[in-house]
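Here you'll find one protein chain in two forms, each presented separately as structure tokens under the names structure 1 and structure 2.
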Structure 1
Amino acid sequence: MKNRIYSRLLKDHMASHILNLFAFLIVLFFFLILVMLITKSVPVIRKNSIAELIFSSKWDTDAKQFGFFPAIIGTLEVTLLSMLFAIPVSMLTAIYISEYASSSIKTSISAFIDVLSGIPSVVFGLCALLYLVPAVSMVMKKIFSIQTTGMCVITASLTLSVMTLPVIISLIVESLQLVPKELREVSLSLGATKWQSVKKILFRAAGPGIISAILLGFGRAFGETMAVAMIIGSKNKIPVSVFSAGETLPSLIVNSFGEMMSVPLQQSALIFVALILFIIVMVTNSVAKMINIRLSQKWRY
């Protein structure tokens, strides 16, 4: 009896130590990534200054010049365009599913969208490559009589928005469902139309949830690598229009991996890209957290 309690306590203490170790490992791992990416980018930062790396578009592997400006612009362009399309569509769809649809439609569409949010990005890339790319190319030729391959910024953006839709929608639906029923009923009983009550009440009540859903979709689009690499056309030039080929930071890593890995400096250049990505993730995360805290304080119904 006595011994049992002590052996239980011992087990508990051991569990506590092991869990502490795990937590320590996470912190360690995080800083390890950061430190490794930084140390490995040092060679290229020594050669070209950070400003040069970020703001120059010169790309000459022989002269050891690496300007990531085109890829940065490309990333921004692709991500923002895809969000431009995905945000309104996903919000409207989510509101429809959560507020308007009958419950059987609701469950079936949500289940379908749930399944879809797991489909691998390469599958999206593959289908886009086969159908969207020729379609864009044809439209360009027919309407604007411009000759392109169809591998361009707009193709990538469209694919990304389709890809992020299920993710954003299911999160928005979730946060809308968390809004208490009474709130809706009160508003409807005051003679507001459904849309008015959505606009005035639900958006506020579910605001933080909606915003974090959108930010999540943004993160997905921004970090997506393979699908973009397959269809963006991989040109390391500032895309002059949405119909020109370009490059995003992640696709740049994948696409120039083979040719560049052999030379240490070029290797270092690509790792620097990964470092930029990681820093952007950290910054957006903190901003998102701040917005969320602000909003949930302000928008308490």
Structure 2
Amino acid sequence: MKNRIYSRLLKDHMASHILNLFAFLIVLFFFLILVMLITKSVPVIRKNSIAELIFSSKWDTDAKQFGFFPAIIGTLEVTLLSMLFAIPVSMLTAIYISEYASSSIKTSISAFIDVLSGIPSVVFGLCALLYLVPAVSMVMKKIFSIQTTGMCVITASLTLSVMTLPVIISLIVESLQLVPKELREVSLSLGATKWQSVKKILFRAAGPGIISAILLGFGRAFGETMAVAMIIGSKNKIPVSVFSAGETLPSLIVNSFGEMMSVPLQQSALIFVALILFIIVMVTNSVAKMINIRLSQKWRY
């Protein structure tokens, strides 16, 4: 009997150490990536100041000048527009799933959302290239008399908004479900309609979780690569309108990948772009996670 107890304790002790090791390796891997990005970015930072890299619009590999300003503006435009499209749809869908849908419908919609979240970004890019790009071009020319190829900021934003929907919807649903049922029952017992309860009670109670979901969606959109690179037009110029071709930081890396190995300073410049993306996504995800933890603790009891 004692031997069995000792064997179980030993196995439990070993399992605990193995799990701790894996957790440590994940953290170590994270910091190794960060250190690698910083180290590889040093050559271009020595040649050009960070201010020059961020605010310059000139990209000339022969003159060793690398300006990321057009790509930064393009990234912000595409990301903010995609969030502008995605947030209302996500919130209304999440409210329907959490508060109005029956259990069978809720299960079906949730399954479709899970499938949507697992589709590779290149598939979204291909579908947008085949259908959305010509549709945008045709509609803009015939209805609004705007000349555009369809490979532009607005097309990339629409595609990106669809890609961020599963992330935002799932997290908003989770936040709404964390709110105690008693709050809903009290509101309804006082004569409020279901929509009034959602608007006045649930939105306020689940507010931090909704903000967390939006931030995580923003992080996903900000770092998206392949789909945007396929349909944004890839012109390293500041877009004059949402119907103009542009460039984003991730697509800049993809489109310049073939040249970066032969030009060391350009390689360093593109790795610096990766460092910027890494830091921004890390910060947004960390803030979103902290907000979500606070919401969970608020309604734990």
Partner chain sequence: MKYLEEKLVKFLMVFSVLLTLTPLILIIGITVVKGGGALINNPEILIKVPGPKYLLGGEGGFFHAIMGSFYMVLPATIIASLFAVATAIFLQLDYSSRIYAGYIRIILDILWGTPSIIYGVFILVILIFLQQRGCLLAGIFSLTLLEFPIITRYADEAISCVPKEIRENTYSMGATRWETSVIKIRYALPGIIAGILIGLGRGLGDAAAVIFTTGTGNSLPGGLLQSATALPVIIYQQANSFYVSVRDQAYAASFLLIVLFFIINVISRHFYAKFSKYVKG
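No experiment lies behind these values; they were computed from the predicted model shown. Structure 1's sequence is the ruler for residue numbers, which start at 1. Between two forms, the rigid core is the largest collection of C-alphas that superpose within 1.5 Å.
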Quick check: structure 1 or structure 2 for the form predicted in complex with the partner chain?
1
Answer yes if the Cα of F55 shifts by 2 angstroms or more between structure 1 and structure 2 on a rigid-core superposition, and no otherwise.
no
By the 2 angstroms cut-off, has the C-alpha of I146 moved between structure 1 and structure 2 once the rigid core is superposed?
yes
Core-referenced Cα shift (Å), F31, between structure 1 and structure 2
2.5
After lining up the core, report the Cα displacement of S286 between structure 1 and structure 2 in Å, one decimal place.
4.5
